[in-house]
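Read on for two forms of one protein chain; each stands alone as structure tokens, with the labels structure 1 and structure 2.
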Structure 1
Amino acid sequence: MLAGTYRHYLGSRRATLLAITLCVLVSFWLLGLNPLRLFSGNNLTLTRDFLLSAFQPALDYQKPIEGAEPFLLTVISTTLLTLRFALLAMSVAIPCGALLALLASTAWWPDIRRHKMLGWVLRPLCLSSRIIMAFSRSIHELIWGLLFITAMGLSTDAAIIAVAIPYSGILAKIYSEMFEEHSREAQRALQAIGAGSIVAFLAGLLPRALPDLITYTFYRLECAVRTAAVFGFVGIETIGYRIKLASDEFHYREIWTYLYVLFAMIMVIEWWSRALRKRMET
């Protein structure tokens, strides 16, 4: 019996690895099997220039521009704009995601065998919010952005909503998974002493899941900062926009400055999230 399950286990492992390898080989073949042609001729010098510039990020424009704002001021205002975009998108996505997550999860439901009527209301609500969740996150935020821009032109609201839609879906998915995954012992204990299902959820499950919820939300904020940077490519003057301008002029050292700024922002968010988590857990 034991040997049998063990063998099965090994088999499933080997099969997984084999299947992955096979898929990878097919993909390599589809992509053309010569990745090394990337680094031929002129590319090599460009690559070297680019990598060497990492050691001397620009503190001023590589080619001075008459009458322009000082470089470092531009960096600061770009950083602030990127951060602001991320915050705006998240402040829409978090409440929407939390609402969707609650609708999609069964953790706070009363016993629907007892409340038949309620079951008829809750089940369709749950299903439809799951569908909304899956659909909204299956389209990338940049594509949402593109759709909004072609539909009615670029604007602050369009950009925020384009990011908030898929982000609400992703947050909702993870939140609801966390509600379902956390151990229910406290919730059940509270129900056994007469708590209603919603109160038992609020007092027994939510506090338990809170550290995980917060950690994940911070991770999403980190992603939002990156997305905000990328939205520079559709016209909002965030980090991506500056990188694009600098790249058009081959100003690699300026690019590195912006990359380092992005890195610093991500580091700060990660540090903050870790510090919060440590204080909430121990």
Structure 2
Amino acid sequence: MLAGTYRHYLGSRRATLLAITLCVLVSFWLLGLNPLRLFSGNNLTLTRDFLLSAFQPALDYQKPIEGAEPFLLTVISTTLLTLRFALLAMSVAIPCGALLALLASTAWWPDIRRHKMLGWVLRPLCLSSRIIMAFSRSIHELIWGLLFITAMGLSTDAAIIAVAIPYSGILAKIYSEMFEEHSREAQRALQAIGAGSIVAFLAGLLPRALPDLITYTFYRLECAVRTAAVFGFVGIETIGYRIKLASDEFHYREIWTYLYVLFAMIMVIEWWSRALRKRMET
């Protein structure tokens, strides 16, 4: 019986892998992708030069620019602008996401079977919050960016709002699911000794969920840093903007310097997140 079950499992897994492979091949055909193009014309030389430049990141401009500030000073200022962009977007998204998560979660509700009038208020409020969450995250931040840049002009404020809107919806969805899925034993114990529903939520459930909430928040901060870099390609002066300028001039060593700085920022955020989680769990 176990052998039959094992063969059935392997068979279903093979079928799944085969289906995925076929989907990939069909996608390649529909999109007209051809990896052999990398080896045609001058493409292989450009690819080789780009990869070899990874071992020699620039410490100065590859082509001197008269009157420009030192290259490393440009790298530092651009990095700070990118980080500021991400932090400002998250400073808006976190409180908005937390508020929507509370409104969309039933974890803090009192027993609405005993408070029917309150249930008539909470249910529509919960549904409305979930609709707002779904709408805000259904549109990508780049699309929001195009809308706000068109309306407000090419400015950092427009880009920050464009990132904060979908991130608020994403954070709210994950926060509310964490509230719903965490164990409620401590919360129920507090309610059993007479604590109110909100007090039981704040003292019994929220502290247990907080490490996961913080970990996910830091992950979204990483995403915000990457998004800030991407917004540089539409004119916002972040790392992406400098990468685009260097790419236009085929200054690959400068590109790798900015990529390594971006990598370092992500690693620092990852280390910060893990250190904070460990401190909370001890």
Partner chain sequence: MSARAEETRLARIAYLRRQQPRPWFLYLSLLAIILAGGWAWTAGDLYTSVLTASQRSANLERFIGKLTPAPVQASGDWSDFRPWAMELLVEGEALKAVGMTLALATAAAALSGLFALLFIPGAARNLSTPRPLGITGGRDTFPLIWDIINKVSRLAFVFTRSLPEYILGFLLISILGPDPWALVLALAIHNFGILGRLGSEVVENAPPRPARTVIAHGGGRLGAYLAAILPESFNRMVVYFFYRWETCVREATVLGMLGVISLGFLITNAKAARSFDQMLFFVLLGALIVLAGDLLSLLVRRWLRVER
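No experiment lies behind these values; they were computed from the predicted model shown. In this text, the rigid core denotes the largest set of C-alpha atoms whose superposition between the two forms falls within 1.5 Å. Counting starts at 1 and follows the sequence of structure 1.
Between the two isolated copies of the chain, the form predicted in complex with the partner chain corresponds to structure 1. Core-aligned CA deviation for A264 between structure 1 and structure 2: less than 2 Å.
The two forms, fitted on the rigid core, differ between structure 1 and structure 2 by less than 2 Å at the CA of E185. Annotation: Cα of S77 displaced by less than 2 Å between structure 1 and structure 2, core superposition. Summarising the core-aligned comparison between structure 1 and structure 2, the C-alpha atom of L18 is found to shift 5.5 Å. Overlaying the rigid core between structure 1 and structure 2 leaves the Cα of S155 displaced by 2.5 angstrom.
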